[in-house]
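Quick heads-up: it's one chain on its own, the form predicted alone, in structure tokens.
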């Protein structure tokens, strides 16, 4: 069983320059600043992983650090990640590389990012280079949460580029799935024995009343089912595409799980409206903690594939609550395993408190503080054995 933590480059490295940097400079998000300085302190991060008994680590390679201008690659930065992977392997920690975790190089942003029909092939060129340098990395995540990226940036408009168009969001998802397909093929060609997939943000949607079943079905289909089905079965269903074939075969199912939404019917919104839960376990961000929901999603969406929980975490300043959170989710994972679900790994979000996008540094998800101080004793291997 892989046990460890997950992070992303913009959220921990500091010194990044991408479309989110522009968003921050426009005053639309808190400034990331130096983040956790992990670009300088990667080796210290390895020590943190060993302290919590981790044998796996999911991290992202920052595209803007590697392809600094279109077609111009900074190999020096690529070799910095290479040395980090060497250190992980040396101490027995399985590296899991994410190739796109929300941020885009500025030069791609000016070309329309994932609205640009050429972006899937541009992405695959970058992935082809990366995978040639990391042929000993066997687990790859091409794109993190395409549904969240499309919704935040092109429906809600709170993330770059700040659009509000459902139809543009569908085009973005289609191009991201195409990009995943191209990346899948490139990695498979370069890395013998590679397992390639995506990290899908899944939520539990609970209808409040019989009329709410319709908006829940819409949410379930578009947010949960469609991207994951496309990844696993290699076909993009409507309304994104008319069963367009892609190269992906879903070597594993990657699930990011945090919460559930209670949904009420609304005449004004076909997707319903969310209702705040009463007397529920809530994180400091107001998200409902619903561990059984992970079990429900594992049973519903495993597609007879190996599953890795690629993210699962709670924002809290109470470390005992964090341990309880992890233990409760691990219990439901074990139950799913006992019922035949092939769960291969659990990665807690996050290794340390980091930059949480629009929330800045106000959400404390980490096992450690930003300056790498422990919040309390925790050993993931021991916890897994005990639940």
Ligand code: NOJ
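Positions refer to the first chain, counted from 1. Since this is a predicted model, take the numbers as computed values, not measurements.
The form predicted together with 1-deoxynojirimycin (NOJ) exists for this protein as well; it is not shown, and the discussion that follows is about that form.
- Although the partner is absent here, residue 20 lies well away from 1-deoxynojirimycin (NOJ) in the predicted bound form, with no heavy atom inside 4.5 Å.
- Although the partner is absent here, residue 259 sits far enough away that none of its heavy atoms falls within 4.5 Å of 1-deoxynojirimycin (NOJ) in the predicted bound form.
- A residue is said to contact a partner when one of its heavy atoms sits within 4.5 Å of a partner heavy atom; residue 356 meets this definition for 1-deoxynojirimycin (NOJ) in the predicted bound form.
- In the predicted bound form, no heavy atom of residue 248 sits within 4.5 Å of 1-deoxynojirimycin (NOJ).
- Only one of 133, 109, 301, 287 lies close to 1-deoxynojirimycin (NOJ) in the predicted bound form, with a heavy atom inside 4.5 Å, and it is 287.
- The contact residue chosen from 144, 175, 181, 104 relative to 1-deoxynojirimycin (NOJ) in the predicted bound form is 144, the criterion being a non-hydrogen atom within 4.5 angstroms.
- Stretch-level contact analysis of 292-300, 83-91, 250-258, 275-283 against 1-deoxynojirimycin (NOJ) in the predicted bound form, using heavy atoms and a 4.5 Å limit, identifies 250-258.
- Taking 1-deoxynojirimycin (NOJ) as positioned in the predicted bound form, none of the residues of 32-54 brings a heavy atom within 4.5 Å of it.
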